[in-house]
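Single chain ahead, written as structure tokens, the form predicted alone.
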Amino acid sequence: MNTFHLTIQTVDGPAFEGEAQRLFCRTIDGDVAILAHHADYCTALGMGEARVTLEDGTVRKAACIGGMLTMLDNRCRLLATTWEWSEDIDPERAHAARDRAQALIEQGGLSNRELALASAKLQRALVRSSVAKK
């Protein structure tokens, strides 16, 4: 299988550097799969599950929350606001965050800004919960 060079970087430092067969992630326009020799491409990232198929065929999952993705000359660079590999996510903590955000929304009486913030926290917790290794 053909590969491409993939760099995943966060504000906390590098998350991955190496060869990959495939990158699947959520963009602001929908899901995208990047393969070797993909056309030059640049997009903003959304919030969702990401999957990296490594050179040996192993698939790793991660929660990806925002950022930018570029593909240029068979080199892909993903700059994520948040990138958490599934094995690094504590499922109980993610479920507790989900429950707190849901409770806040259900209690009502929130301003538009507070509701938007609580909804974003809920979405983030749902993504982290679904990606967490069980």
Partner chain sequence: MAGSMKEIKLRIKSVESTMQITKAMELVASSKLRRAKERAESCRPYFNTLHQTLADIAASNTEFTSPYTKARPVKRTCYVVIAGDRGLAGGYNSNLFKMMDAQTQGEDYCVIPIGKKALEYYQRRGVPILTTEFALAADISVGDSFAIADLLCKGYLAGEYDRIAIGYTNFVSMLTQTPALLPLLPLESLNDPKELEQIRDGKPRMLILYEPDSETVFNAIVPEYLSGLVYGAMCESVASEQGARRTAMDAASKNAAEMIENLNLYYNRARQAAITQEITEIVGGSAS
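Small disclaimer: the values here were computed from a predicted structure and weren't measured. Numbering follows the first chain given and starts at 1.
Not on display, but discussed next: the form predicted together with the partner chain.
A.B. asks: Given that the partner is absent here, state which listed stretch (84 to 92, 71 to 79, 50 to 58, 97 to 105) has heavy atoms within 4.5 Å of the partner chain in the predicted complex.
C.D. replies: One stretch meets the cut-off, namely 71 to 79.
A.B. asks: Residue-level contact is defined here as any heavy atom of the residue lying within 4.5 Å of the partner chain in the predicted complex; does Val11 satisfy this criterion?
C.D. replies: Within the cut-off, so yes.
A.B. asks: Is it the case that Leu35, even though its partner is missing from this view, gets within 4.5 Å of the partner chain in the predicted complex, heavy atoms only?
C.D. replies: No, no contact at 4.5 Å.
A.B. asks: Taking the partner chain as it sits in the predicted complex, which residues of 36 to 62 have a non-hydrogen atom within 4.5 Å of it? Please list them.
C.D. replies: The stretch touches the partner through Asp40, Tyr41, Cys42, Thr43, Ala44.
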